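In the block that follows, a single chain appears as structure tokens, in the form predicted on its own.
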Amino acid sequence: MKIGIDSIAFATSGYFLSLETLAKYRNVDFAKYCAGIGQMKMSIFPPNEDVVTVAVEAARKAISGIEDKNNVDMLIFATESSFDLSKSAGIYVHHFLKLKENCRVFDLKQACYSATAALRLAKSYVRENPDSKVLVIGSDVVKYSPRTSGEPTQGGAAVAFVVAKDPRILEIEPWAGIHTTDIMDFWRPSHLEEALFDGKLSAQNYLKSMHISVARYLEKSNIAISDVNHVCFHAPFCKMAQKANSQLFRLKSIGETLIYNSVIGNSCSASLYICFVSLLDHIKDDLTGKRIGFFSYGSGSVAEFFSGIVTKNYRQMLDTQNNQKMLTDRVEISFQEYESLGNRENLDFHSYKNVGEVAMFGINNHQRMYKVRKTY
């Protein structure tokens, strides 16, 4: 049975900060950002946007591509940005999408790897329940302390994809190379809003894990590295993916995979799959029958390299024009507003637009309150 990604969509906030602006106020040469880490802009989340609101928008678009949303029997929400240690963020999405009650909903966490873990669970579930579909969401917002090396890599977005039999975009192949090791390269203590990291250690372990994972994949699959036509890498910043590619594939270009991430910033669990959407939207060649490699990395750490074959009808499932319009329609904010949003004090939930139809409008008794601006 062929199982894989049947539809896919992403969403990010309606605001961004140009890294040229950040460089000016941080007294840094802009080339350090655009050439040094491969980033141009970063998505900025106003108080009325969070991992739930962008997840609802991405998921709404993803399930619009299937005939009957009542076939969605499971919703897996992958994130490392959850605001509740008990209730799944996926429950909110389930509610706003009006999915059936007979639907399993839960969150998964393992840094940026979690959406790939969700994909694996979804594939196994569909194999046992061929008429079912699984909605997988990866949604994260990344924040670092001001004036740290991580600051220009901030960002956030959500990706949503439906896993089903006879997929119309990508058939997931059965082989994977996996590498897990205990390392403190990135961590988010529950009492802190910003992430902590050891950037040098993380980059070293990313590359080490990639080489081990790819070697195990090749050994299991008996596929030559030359048989992998294109590769998508987890991109905490675009230069990291480019460096990985130069060590692994050398002559293959990954420029099309990084176009969206270069103006969104790090979106953790969503990052790898936004690279995939970017490839589909920007490459001119017909990808039908091509093998796409995926390297997923989550600090801490778990890594996986796997592959999929693009199906013949994939172009019918693309939403390239709207994807690009969503990014070009974003509002640029000033450095002063960026700093005020970072302070998270006395924020006005009502003066900012939101990209989708669900917005957060406040917090009462430690409960986040959302509203639908119009019905679907």
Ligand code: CAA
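Residue numbers here begin at 1 and follow the sequence given. Because the structure is predicted, anything quoted here is derived from the model rather than measured.
Note that the form predicted together with the named molecule isn't included here; everything after this is about it.
Residue-level contacts in the predicted bound form: of Y92, F306, F197, Y125, one residue has a heavy atom within 4.5 Å of the named molecule, and it is F197. Shown without its partner, this chain lists I183, I212, L218, A203 as candidates; in the predicted bound form, only A203 has a non-hydrogen atom within 4.5 angstroms of the named molecule. Mapping the unseen interface onto this chain, F237 counts among the residues with a heavy atom inside 4.5 Å of the named molecule in the predicted bound form. Within this chain, K243 lines the site of the named molecule in the predicted bound form, having a heavy atom no more than 4.5 Å away. Within this chain, T116 is remote from the site of the named molecule in the predicted bound form, having no heavy atom within 4.5 Å. The named molecule in the predicted bound form is not approached by G342, whose heavy atoms all lie more than 4.5 angstroms from it. Picking from 173 to 181, 275 to 283, 261 to 269, 127 to 135 the stretch near the named molecule in the predicted bound form, with a 4.5 Å limit on heavy atoms, gives 261 to 269. Remark: none of the three candidate residues (A9, E193 and N323) comes within 4.5 Å of the named molecule in the predicted bound form, counting heavy atoms only. Contacts between 79 to 111 and the named molecule, taken as any heavy atom within 4.5 Å in the predicted bound form, involve no residue at all.
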